[in-house]
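The chain that follows stands alone, in the form predicted on its own, written as structure tokens.
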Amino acid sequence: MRQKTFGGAGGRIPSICARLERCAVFADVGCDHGYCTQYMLKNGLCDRAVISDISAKSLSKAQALLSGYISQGRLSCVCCDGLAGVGNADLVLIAGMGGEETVKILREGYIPPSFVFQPMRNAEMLRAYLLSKGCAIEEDNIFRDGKFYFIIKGRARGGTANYSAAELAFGRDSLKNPLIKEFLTEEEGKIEAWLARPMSGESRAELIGRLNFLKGVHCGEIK
């Protein structure tokens, strides 16, 4: 079997690409440099692809990298906001955006048949939205490439059993991953450092509540 190859980027990109499966039409929304699309096309994992970005400058970087596939007619490039103009795709990747922004894109567009999302923040908002729409979440995990990242893979239909509070906050598979202990320790340290600074009583109470939740998950008291 031919070995799959990656583009010239660090560990975050291979971690995302490892979750991408064979499809007819692949779309990378907010494609940035286009490394994930390069991976799909180079390894024959899609018949054709669409890249989009709201920034023409960012899109131009991906166009330069993937110019050969554009000339072959295997790749379309769209400068647009979210899924507007992308059309229907079997598998959609949205990586590097906030969870709230990803939810906005899905609300204004559509939930693709298959998806891989790598939210940079507010992942719990994205999880809650996908669950509310009856999506099947197949993997909801954590990985590390210098910093910690959450990654969510699934399908538009099939449903997933209700998440617990800890699963909603950090991902069902993440809680079984040894990395979660490191993540929680790091987050607890950040909050403890913030609590040493002057702040309003309301802000302090909010941070203490967050810290107690993290510690509860860490020790297994909160599932």
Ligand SMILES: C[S@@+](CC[C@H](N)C(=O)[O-])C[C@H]1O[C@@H](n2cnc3c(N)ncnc32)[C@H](O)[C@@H]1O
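Nothing here was measured: the structure is a model prediction, and the numbers come from that model. One-based numbering along the sequence shown.
Same protein, other form: the form predicted in complex with the named molecule, not shown, and the subject of what follows.
A single residue from the set Met97, Ala89, Leu106, Val116 has any heavy atom within 4.5 angstroms of the named molecule in the model of the complex; that residue is Met97.
This chain lacks the partner; the member of Ser58, Thr160, Asn43, Asn177 within 4.5 angstroms of the named molecule in the model of the complex by a non-hydrogen atom is Ser58.
Among residues of the shown chain, Arg12 is one whose heavy atoms approach the named molecule to within 4.5 Å in the model of the complex. Within this chain, His33 lines the site of the named molecule in the model of the complex, having a heavy atom no more than 4.5 Å away. When the named molecule is considered in the model of the complex, Ile54 lines it closely, a heavy atom lying within 4.5 Å. Proximity of Ala49 to the named molecule in the model of the complex falls outside the 4.5 Å heavy atom cutoff. Here the chain stands by itself, but in the model of the complex one stretch of 98-106, 140-148, 67-75, 122-130, 98-106, has heavy atoms within 4.5 Å of the named molecule. Although the named molecule is not shown here, in the model of the complex the stretch 74-88 places heavy atoms of Cys80, Asp81, Gly82 within 4.5 Å of it, in sequence order.
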